[in-house]
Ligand SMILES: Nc1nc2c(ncn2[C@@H]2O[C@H](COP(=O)(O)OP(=O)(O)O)[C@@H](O)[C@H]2O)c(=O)[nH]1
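Take a look at this single chain, the form predicted alone, given in structure tokens.
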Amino acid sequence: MANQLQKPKELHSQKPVRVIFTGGFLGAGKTTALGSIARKLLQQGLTVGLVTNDQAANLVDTAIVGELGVPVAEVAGGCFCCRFTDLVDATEQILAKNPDVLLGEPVGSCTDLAATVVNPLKLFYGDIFRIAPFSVLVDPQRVQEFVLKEAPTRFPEEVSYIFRKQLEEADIIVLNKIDTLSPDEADRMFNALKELQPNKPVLKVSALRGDGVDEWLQMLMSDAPAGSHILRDIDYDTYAKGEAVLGWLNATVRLVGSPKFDADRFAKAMMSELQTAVNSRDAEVAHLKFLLTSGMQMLRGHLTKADAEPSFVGELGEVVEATLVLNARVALSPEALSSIATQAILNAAKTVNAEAEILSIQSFSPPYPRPPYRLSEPV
């Protein structure tokens, strides 16, 4: 294709910029990991910028990384691969702030990023970018489900296909959340990943606690090959089906007490309502996350499997007013997902005597992936 060789636009930088993309399936902990890396880089006196990515706007991730006080740009409406020009525009915004390092977090249901993002950036902007090895983060629950096959899955085969392809194209595989595992369990999962991808480094990391992050960052700041594992046999029809299985929902809600309400109790009630509704439909959660803010305080929660325990970070207590941002990626139709999310929010608000005003809600299935650039050989 002729447009494969046409640079979207010129980019200018006062100095070479290290670019670090971190992929991985929904719920692998990419935002927490990039936050951990950003903090370490800032401690070293480096300047950092970040580009987040989703199929729609109103992201929990963008709000969370905003805490770091670094420049953040958001690419919405599709993955980096399908919105490559938007990625370049977002990168230009960050370059205006003169960063030393640019971090990027692609959508968790995407793969083929080595061919459609990493190598096109190397081809077009190799004069200013120093692209880091492409990391793929892995959640232990998905290893149990898709690699060891020790946990039942409600996902169809097309979803595990995306997961496997993500591992195939990684330069570095990062087993995250080892703080949730015993040392023996972490070793067993490490060995299973190593057996699956024997020619790649596999790291054990807890982005939340900090274990292994220094070693990982050292590799990312090295000049090791980036984007060298291009997928040569990817089936885009299977890939598209895997993405389309998932309903995506992004909602923003204003909550008001009379005069106050228990925000922590609301959050737990909402998550419980959502889990009950998903399980009653025998559906599966890829990632369900929320951010609840009141003033300068925040509470966030995550769920990466329908029958797992949700995790909560922070607390708010009794508040007069709060804003909820909810992102849900669930194997349900967009209509069903919108219905259960709305009901869960309203029911949870009722239990704490709060009024819930839904300011925005989007629910859809991702479209067929059509990247404008795809390089079949590493640059």
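Each residue number is its position in the shown sequence, starting from 1. Here the structure is a predicted model, which is why all the values come from computation and not from measurement.
The form predicted together with the ligand is left out here; the points below concern that form.
Asker: Which one of I234, L208, M221, L203 is close to the ligand in the predicted bound form, taking close to mean a heavy atom within 4.5 Å?
Answerer: Contact residue from the list: L208.
Asker: Which pick from N347, S338, N327, T32 sits with a heavy atom within 4.5 Å of the ligand in the predicted bound form?
Answerer: For this set of options, the contacting one is T32.
Asker: Work out which of the listed stretches, 179 to 187, 151 to 159, 86 to 94, 267 to 275, brings a heavy atom within 4.5 angstroms of the ligand in the predicted bound form.
Answerer: Selected range: 179 to 187.
Asker: Please determine whether H229 contacts the ligand in the predicted bound form, using a 4.5 Å cut-off between heavy atoms.
Answerer: Flag for H229 set to no.
Asker: Should H287 be counted as a contact of the ligand in the predicted bound form, where contact means heavy atoms within 4.5 Å?
Answerer: Within the cut-off, so yes.
Asker: So in the predicted bound form, does any heavy atom of S311 sit within 4.5 Å of the ligand?
Answerer: S311: contacts the ligand in the predicted bound form.
Asker: Any chance T304 has a heavy atom within 4.5 Å of the ligand in the predicted bound form?
Answerer: Within the cut-off, so yes.
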